[in-house]
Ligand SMILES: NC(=O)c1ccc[n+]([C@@H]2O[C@H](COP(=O)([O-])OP(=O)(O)OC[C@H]3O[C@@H](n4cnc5c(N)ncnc54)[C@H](OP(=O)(O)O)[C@@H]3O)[C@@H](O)[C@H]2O)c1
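What follows is a single chain, given as structure tokens, in the form predicted on its own.
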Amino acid sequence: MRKIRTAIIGGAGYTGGELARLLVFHPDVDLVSIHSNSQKGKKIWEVHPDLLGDSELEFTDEVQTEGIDAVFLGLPHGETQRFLELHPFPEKTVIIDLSTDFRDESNGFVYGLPEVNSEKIKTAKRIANPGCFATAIQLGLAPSIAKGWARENIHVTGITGSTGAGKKLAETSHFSYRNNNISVYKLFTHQHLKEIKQTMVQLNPDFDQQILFVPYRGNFPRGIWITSYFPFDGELDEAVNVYQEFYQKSPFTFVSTQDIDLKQVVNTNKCVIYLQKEVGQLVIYSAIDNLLKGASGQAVQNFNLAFGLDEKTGLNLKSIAF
């Protein structure tokens, strides 16, 4: 069987590097091109040193649109639409965009949250990969929203690793700022709230509650931890059963019956969820790796669905555990 000829546009950053690591070892992929204007001519391992000995592919500033079966777009937010206008790909090419530009499902894009949209993704040629906070929050809340349990505003806190801010140096991602430090940003206004609300309404057209989200910058490199809660009249066992049934066919989302921790998911494409009921509140913890299930791993999962492959192909990854 011919391998799927694949390209990465914007391969020098954190998500581009994760895509390269996954695709170099994907058994059905022939990674033929990796694009970066800033790294032109360099070997892939010169920019991502852990790939030394795994690939001799060179970065290019040329965009190959013909003869490509799939392309992953890792461009900065707001630049993808213009890029596609300048570099139109054939309709048959599967495009997976990791920016925010098409998460509203404009321009023929399908929102790529596999646990909710797998059937649509299987026939899609244009897929908008969800945001990292959005993925962790949606997977934590989706079964509850589908059941109509949240009748009041939902309170959510989330903390993310420094890689979520991208590779370009900024004051709040600098080691001296981030280390031994935690800070809040974009209180109640995070850009991922729009796509979260879109999915919640898809699951339950009557959903009109606010999601009051407090995002934190964490003092660690990778991972996202979300805590969500709202008033709940039911029993904990009922909620756990509903969640387990909702995700029973999802190969990467797991509902635990014991406490979870962030290291269970770091370096994996998993989302792990744990539920508690205290003082009349259903409390939902959800955890992912922001660069994998929150970005590049989920993009490869969407790629697998679009090409009729097993969802787990190339994604059997090991957590760091300790």
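These numbers come from a predicted model, not from an experiment. Each residue number is its position in the shown sequence, starting from 1.
Another form, the form predicted together with this ligand, is not on view; read the next lines as being about it.
A heavy atom within 4.5 Å of this ligand in the predicted complex is found for exactly one of N267, S33, S55, Q39: Q39. K168 is the sole member of K186, K249, H174, K168 with a non-hydrogen atom within 4.5 Å of this ligand in the predicted complex. Across the proposed site, G148, P205 and I211 without exception lack any heavy atom within 4.5 Å of this ligand in the predicted complex. Residues placing heavy atoms within 4.5 Å of this ligand in the predicted complex fall in a single listed stretch, namely 158 to 166, out of 158 to 166, 138 to 146, 112 to 120, 239 to 247. When this ligand is considered in the predicted complex, T15 lines it closely, a heavy atom lying within 4.5 Å.
At least one heavy atom of S99 is located within 4.5 Å of this ligand in the predicted complex.
In the predicted complex, this ligand lies within 4.5 Å of some heavy atom of P76. Contact annotation for A295: at least one heavy atom lies within 4.5 Å of this ligand in the predicted complex.
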